[in-house]
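One chain follows as structure tokens, the form predicted on its own.
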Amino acid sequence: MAALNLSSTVHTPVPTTFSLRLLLSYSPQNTPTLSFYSHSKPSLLFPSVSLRPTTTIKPRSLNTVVVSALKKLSETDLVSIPPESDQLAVKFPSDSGVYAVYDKNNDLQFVGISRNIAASVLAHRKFVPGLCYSVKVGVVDEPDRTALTQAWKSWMEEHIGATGKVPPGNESGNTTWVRQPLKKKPDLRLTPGRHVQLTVPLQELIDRLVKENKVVAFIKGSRSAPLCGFSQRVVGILESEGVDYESVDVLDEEYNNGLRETLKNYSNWPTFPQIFVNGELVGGCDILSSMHEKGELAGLFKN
């Protein structure tokens, strides 16, 4: 492994606000592992990069570590988490990047990366409220996987260099900040089978279902195997919010025969998925996604 020292003799421009001292070692499977060490000057190590004078190191090469302009953890402002969920989307961006969560004593508890920082902060506050009081956020402009990982390592390395400790939530074996997947519930069936004569109209069965259950999602496919991208997105949002919901497969012609057309007439909504909360239609994937990004779903499901 060759090391490239980013000193004044190197002509490759490097953001002055970004400090990274990492050692990336590669296993036989080429899986990166991280170790930290002390160094008097910032240095960046590139695995499998030749340092011959004629070699040109191209940005975003497959063999180089991509570094995005990012403030140091110590230089990033600490922002308090607002008490209301709808205010959270105003204070925190829905962009991709790295974030650090602090407790009420301003002790760093966890450093994470996310494709939607606001949604991640909301989830942490919901599931570990006692540890979430304020957050530092660093948006990564070109958030490919390498850049996001490198940003995370930068903040982790800086914190460990300053304190000699890994944040508690990032310690090996700590599951406090790791969301446990919800146990998959079975999808509901509205009828005993397509060849059984119903004694109650299908529309009345739909009405009972949405009014007797707090959250009902009519989707294409099952919750464990959605059969369209929109249904998959809806399932992902509901589970990320920790919602206890019922799901109904509108494509199941054996046990939900005729459901698609009947449901369109019942809700006056032409497409699927359809999400009902407290007996009222909320909408489809686009509406649910928008509310999720704005942090509005927690209040909706609380009512």
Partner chain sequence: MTSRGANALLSRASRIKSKLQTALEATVLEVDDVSYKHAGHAAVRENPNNETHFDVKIVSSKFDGQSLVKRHRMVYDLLADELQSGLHALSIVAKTPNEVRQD
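Residue numbers count along the first chain shown, from 1. None of the values given here were measured: they were computed from a predicted structure.
Absent from the display: the form predicted together with its partner chain. The rest refers to it.
- With its partner chain left out of view, the stretch that reaches within 4.5 Å of it through heavy atoms in the model of the complex is, among 205-213, 74-82, 228-236, 138-146, 228-236.
- Its partner chain is not drawn, but in the model of the complex it has no heavy atom within 4.5 Å of N278.
- Of the heavy atoms in W269, some are within 4.5 Å of its partner chain in the model of the complex.
- A residue is said to contact a partner when one of its heavy atoms sits within 4.5 Å of a partner heavy atom; H159 fails this definition for its partner chain in the model of the complex, lying far away.
- In the model of the complex, its partner chain sits beyond 4.5 Å of every heavy atom of E293.
- In the model of the complex, just one residue of 188-220 lies within 4.5 Å of its partner chain by at least one heavy atom: K220.
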